[in-house]
Ligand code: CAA
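In structure tokens, the next block holds one chain alone, the form predicted alone.
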Amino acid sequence: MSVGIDDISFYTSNFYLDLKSLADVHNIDEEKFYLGIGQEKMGIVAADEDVVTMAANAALPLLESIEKDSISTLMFATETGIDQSKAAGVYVHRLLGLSNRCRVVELKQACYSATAAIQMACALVARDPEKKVLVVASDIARYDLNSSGEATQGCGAAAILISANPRLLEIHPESGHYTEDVMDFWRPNYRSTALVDGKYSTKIYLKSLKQAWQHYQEVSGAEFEQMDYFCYHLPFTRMAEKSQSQLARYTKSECSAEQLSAKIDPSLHYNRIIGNSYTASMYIGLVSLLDNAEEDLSGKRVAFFSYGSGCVAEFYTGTVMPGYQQFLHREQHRQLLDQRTELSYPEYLELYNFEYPTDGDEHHFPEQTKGQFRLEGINQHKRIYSVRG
């Protein structure tokens, strides 16, 4: 029996800032962003959306062709927590109308936790093949204004349905792991924006890639050349290019530069115009690969490197299933991206500076998002979500 990804979809805000606007404000060449970090646009959340609304919007298409009662567990992966106690997934559970006999849990480890959720989900499905597990990764990447990380902001959610005999991707049981206690990126409870040591984080990312690959090779015996495509965690798309080059050098691959690029390029399209989405970024990359690869991916082996600062990393692989194309949400994804609204720099600042009230009074937020679900307001410190009729 195979276990893996039966369905996958993503969602992002309907607002974005073109990084040329940011470059103009700072009087620098936009190519510093377009080429230097490989980013063109960054998604910006509306006042009435958060990780819950994005998660629910991402998951909605996955429920159209299945019985909701078949979902035994909802795992919510995020580093943009909205409550120190209640799992954000519980709100998503209600918004999606899932069974009361569905367990819900939230997982956190920087950008890695969605991968942990998927591996746990595979184990749950292997124990009870009649059931499915819904994994949702949803995050909002925010950094201080005028910081080196500002251009790598973004937002997005990926919803992944794990099942037996999957329609999209069989996940192989072997994986390599690496954990080390480092301070390359962190966000204390009292801060709304993250702290990051960019150069150090890149160094640790690449070190973790090498170590996770070593472990993976020990348990699988696989070689670099056996991988047809790669999906990397994408704080910015240039990171995938750096990772691919380093791993090729380490494994003494004989692939040309063009061949190395061909193994990652289809996975970069969406992230380049969405920005960083933390836990969701690698899986939005997978959607990009499935949606945009020019060749039929059936039978192709895809390698995944998941990295979460602090740090935990994992390397694993999967095989794309025959006939996967008929189960994609390609047109819906492209329509979502094409219909977004570009923000001016002042409009970006207005949304960036919006803060949720903390006084406990009743507050209603302007209706800005076009999604099916929205954060209507806060009353007595309780978040109020609504569904469009």
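The first residue of the shown sequence is 1; numbering continues from there. Bear in mind the structure is a predicted one, so any value in this text is a computation, not a measurement.
Although it is not shown, the form predicted in complex with acetoacetyl-coenzyme A (CAA) is what the next lines describe.
S.K.: Since exactly one of Y216, F236, F304, Y270 fits, which has a heavy atom within 4.5 Å of acetoacetyl-coenzyme A (CAA) in the model of the complex?
M.R.: Selected residue: F236.
S.K.: Among the candidate residues S309, T80, S208, S163, which is the single one with a non-hydrogen atom no more than 4.5 Å from acetoacetyl-coenzyme A (CAA) in the model of the complex?
M.R.: Looking at the other structure, the residue within range turns out to be S309.
S.K.: Check G97, S99 and V133: does every one of them have a heavy atom within 4.5 Å of acetoacetyl-coenzyme A (CAA) in the model of the complex?
M.R.: Contact check failed for every one of G97, S99 and V133.
S.K.: Report whether the minimum heavy atom distance between E331 and acetoacetyl-coenzyme A (CAA) in the model of the complex is within 4.5 Å.
M.R.: It does not: once acetoacetyl-coenzyme A (CAA) is placed as it appears in the model of the complex, E331 has no heavy atom within 4.5 Å of it.
S.K.: Does the 4.5 Å heavy atom contact test between H26 and acetoacetyl-coenzyme A (CAA) in the model of the complex come out positive?
M.R.: Heavy-atom contact with acetoacetyl-coenzyme A (CAA) at 4.5 Å: absent for H26.
S.K.: Contact with acetoacetyl-coenzyme A (CAA) in the model of the complex for Y91, defined as at least one heavy atom pair within 4.5 Å: yes or no?
M.R.: Judged by the heavy-atom cut-off of 4.5 Å, Y91 is well away from acetoacetyl-coenzyme A (CAA) in the model of the complex.
S.K.: Taking heavy atoms only, is C111 within 4.5 angstroms of acetoacetyl-coenzyme A (CAA) in the model of the complex?
M.R.: So C111 counts as contacting acetoacetyl-coenzyme A (CAA).
S.K.: Among 120-128, 251-259, 295-303, 273-281, which stretch has residues with heavy atoms no more than 4.5 Å from acetoacetyl-coenzyme A (CAA) in the model of the complex?
M.R.: Going through the listed ranges, the match is 273-281.
S.K.: Taking acetoacetyl-coenzyme A (CAA) in the model of the complex, which residues along 136-159 bring a heavy atom to within 4.5 Å of it?
M.R.: Contacting residues: Y143, S148, G149, T152.
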